[in-house]
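In the form predicted alone, a lone chain appears below as C-alpha cells.
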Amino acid sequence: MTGTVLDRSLAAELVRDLSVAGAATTSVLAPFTGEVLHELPQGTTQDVEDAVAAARVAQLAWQQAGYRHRRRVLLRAHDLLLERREELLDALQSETGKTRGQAFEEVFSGASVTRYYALTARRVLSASRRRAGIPLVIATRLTYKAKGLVGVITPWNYPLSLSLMDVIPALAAGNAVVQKADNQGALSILASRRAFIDAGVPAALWAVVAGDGNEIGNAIVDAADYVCFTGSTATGTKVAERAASHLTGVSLELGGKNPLLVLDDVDPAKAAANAVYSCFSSMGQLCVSIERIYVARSIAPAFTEAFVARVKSLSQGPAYDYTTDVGSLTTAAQLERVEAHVTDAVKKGATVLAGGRARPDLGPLFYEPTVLADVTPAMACVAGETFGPVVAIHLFDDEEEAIAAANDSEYGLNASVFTGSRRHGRAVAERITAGSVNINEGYRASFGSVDAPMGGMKQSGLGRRNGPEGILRFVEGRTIAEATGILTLPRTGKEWLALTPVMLLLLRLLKGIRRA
C-alpha cells in the first residue's frame, strides 16, 4: 500500500479470493477519479452452489471446535484488523469515495463487533435452566444450536462494517457464511476477510461471491438456513418473500428518512456543529444519516445561521489522508438521484441555503453538501430517501408538533434529539418511533453501542443487529425437559382424579408467592 491509492497488485490478489470459477468480469470504477479500479470476477449460480457445499462441510468442524477455539481465532482477527488498518482504509476510500476519518469509523466498528462477539458468544449462548411447569417434578433447560449456513447480502456504502456486523456473530455462534458482496465494495470485504482467514477461520467457512443481484442473491437466499440483507426496502421485501417461501428466517436493515429534533433549550452553535456531521458523514450515503431537521422556531435563526456556515466551511476533496471533511458520492446513480431531488425541490419553490451543485472540478461524483429550506410535501426529497448529502430544515412551534412530524414517515430506522437536558431528551426519545434514537448525537451513539440492538421499525426492516439479539438470530433455541422421577405425571383417569386437587393447589401457591 502506498497510502495514497489502492495498490493494484493487492487488488488483483484479493479478487482471487472470491469463490468464483468463471472468467466473466466487470469493471469497478474509483469514485474519486472515475478510472477503472480493477476488474471484478462475476459469479454464477453454480459458484454459489459450490461455495455452499464446501461451507456446510467446514461448518461441522467449526461448530465442533467450540467457543474457546472460536474466541481465540476471532480475537486474533481483531488484532489483524488493527494491524492492517491502513490497507483497509485505502480499500474503503478507493471503493466508496469517503474520507479517511469516515473510513476509520468502519474499521473501528468492525473491530468492536469482532471483539464483542468473541468475548460474549459463550455467555449468551450457554445452556441455562428455565422454570418448569411443575417444579421439582420436571427439570427444564434451554440450549442453542447453530442454524448452519447463513446467507449475507451486503451493500456498497459501508462494505466492511455492515459485513462484519452480520458475519462475525454468525461465525461466533458456530455457523458458516456465504456472502454476496456488492461489486463496489468487494475489495473491502475481501481485505477484511483475509485477516480472519489468516487468524484461523477456514477459507471455505466464509465464502464471498460477487455478481448479478438477482442471480447470486436469489441463489444464496434459496440455499441458506438464515438470511441477512442490508439495502433498500423494495429489494428487502423481495428477499423476505423469497425466504418465506422456504420458511427461512431473515433480518433486514432497510431504508430510512431519519429526523433530528433540535429543541429550544440547546446551544444553537454547538448543536449546529454536531448536526452537520450527522447529515453529511459519508456524503449522507448511510442508512442512519439525518435527512430531516426540525428546529424550534425560537432558536431557528441562530441555529440555521451556524449550521449553514459550518456546512459551507467543510473541506471537500479526494484525499487519502485526514485533510478533508467530506468526500465523494460513490456511484453515478447516486449523483443522479441527488441532483434529481435538489432540482425537483428548487423547481417547486425550495430555497438552497448551502450547496446545491455538483463539483466536477474535484472529481466526477462530487456534490456539495446541500441545505434546503421551504420544502413542501410536493417535493420528492420530503418523504423519499435521498441517501445523499441533502438535508431539509423545518421549523416547529411546540414539541408535540415536532414529534408528530418526526413520526410521520413510512420509515423508522434512526432518529436524534438535541437538547440541553438529557432527561428531557430521553422523554422525547421515548415517543419517537424508530429502532434507534440518539440524544445529542446523530447516529454514532447508537451505531457504536455494540452491546445494544440496532434495527428498524415500520418499513425500515426486521430483526436486530448487535447485542445479544444480534447473535441469537443465528441459533435455534431448543427446550430439553426431563421428568425427575420425584412424582409421576397422571396417565389414567384415576390418576388424574387423585392429582387434580394437588395441581390446583400448586397453581394457587405459585401465584401466591408470585412465581412465574
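Worth saying up front: this structure is predicted, and the values here are computed from it rather than measured. In case it trips you up, residue 1 is the first one in the sequence shown, and so on.
Absent from the display: the form predicted in complex with a small molecule. The rest refers to it.
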Here the chain appears without its partner; judged in the predicted complex, the stretch of 392-400, 146-154, 317-325, 192-200 with heavy atoms within 4.5 Å of the small molecule is 146-154
Does the 4.5 Å heavy atom contact test between Phe280 and the small molecule in the predicted complex come out positive? no
Can you work out whether Gly217 and the small molecule are in contact in the predicted complex, taking contact to mean some heavy atom pair no more than 4.5 Å apart? yes
- Item | Non-hydrogen atom contact Leu187 with the small molecule in the predicted complex at 4.5 angstroms | no
Next item on the list: Would you please decide whether Arg141 lies within 4.5 angstroms of the small molecule in the predicted complex, comparing each non-hydrogen atom pair?
Entry: no
Only hit among Arg71, Arg100, Lys238, Arg84 for heavy atom within 4.5 Å of the small molecule in the predicted complex is Lys238
None of Val371, Leu413, Leu260, Leu171 but one has a heavy atom within 4.5 Å of the small molecule in the predicted complex; the exception is Leu413
- Message: So, a 4.5 angstroms cut-off on heavy atom distances: do all three of Val113, Val167 and Tyr226 pass it with respect to the small molecule in the predicted complex?
- Response: no
